[in-house]
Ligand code: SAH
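Have a look below at one chain only, the form predicted on its own, in structure tokens format.
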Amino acid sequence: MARIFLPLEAKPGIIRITGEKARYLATVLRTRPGDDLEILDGKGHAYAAKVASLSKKEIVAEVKGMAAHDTESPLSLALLQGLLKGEKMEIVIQKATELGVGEIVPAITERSQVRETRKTSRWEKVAEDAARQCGRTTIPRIHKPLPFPDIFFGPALPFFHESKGLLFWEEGGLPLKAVRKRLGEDCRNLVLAVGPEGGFTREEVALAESRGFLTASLGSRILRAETAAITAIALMQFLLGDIG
């Protein structure tokens, strides 16, 4: 079934889809009149619709009503990711979205090789495409890059102060079995911190620990930054979320 994200009022009716989303449905997915369509509003709601007519510029669809759709994890996850260079950041955002992360905060750390970027809009598009592909009803919020210390002391991230925190460090930390016991099986809000190429410095680890973060290990092998992020998310979804 074809699926798109589109702001939508919670009531049946005729809607017109134009622009890039119409072109995507018509030319990429080859949608035809009579096809079923699932519309996601990005806020957790899904709607069942049927295509009435279409062209490359406009698709007319009839919204039938709400659709049963439950793909969001009971574990509310945020990823604090040390800013990565090249396409690595896009890979992490794509895979984090597929794995159920709700908030992504790029962090400018001491070892970040990229100090500033204008790719936030691009990252938002990557997250939307990944959410649509995997059938999520919400799109992760992508924050603008922030200096690492500001994330802990600034007022801009209220979810950050309401969640338990876990920092992954290649130089040490608790094994995940111990981490799970420390977090508790009823943990439902969690921030995962993963460093950039080169990892976090000892000073950054100490700062995170002073703000209540646990430091954890992903094993004896040193993983690439993007591998560490994807692995950490998948493991925490397995231990506390909806994988497995």
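Please read these numbers as outputs of a predicted model, since none were measured by experiment. Numbering starts at 1 and follows the sequence shown.
This protein has a second form, the form predicted in complex with the ligand, left out of what is shown; the following refers to that one.
Comment: the ligand is not present in this chain, but in the predicted bound form one of V191, A216, L40, L37 has a heavy atom within 4.5 Å of it, namely A216. Only one of I233, I17, L25, A225 lies close to the ligand in the predicted bound form, with a heavy atom inside 4.5 Å, and it is A225. Within 4.5 Å of some heavy atom of the ligand in the predicted bound form lies at least one heavy atom of E197. In the predicted bound form, the ligand lies within 4.5 Å of some heavy atom of E170. The chain is drawn here without the ligand; in the predicted bound form, the stretch among 146-154, 129-137, 96-104, 162-170 whose residues come within 4.5 Å of it by any heavy atom is 162-170.
Annotation for 72-90: no interface residues with the ligand in the predicted bound form [heavy atom within 4.5 Å].
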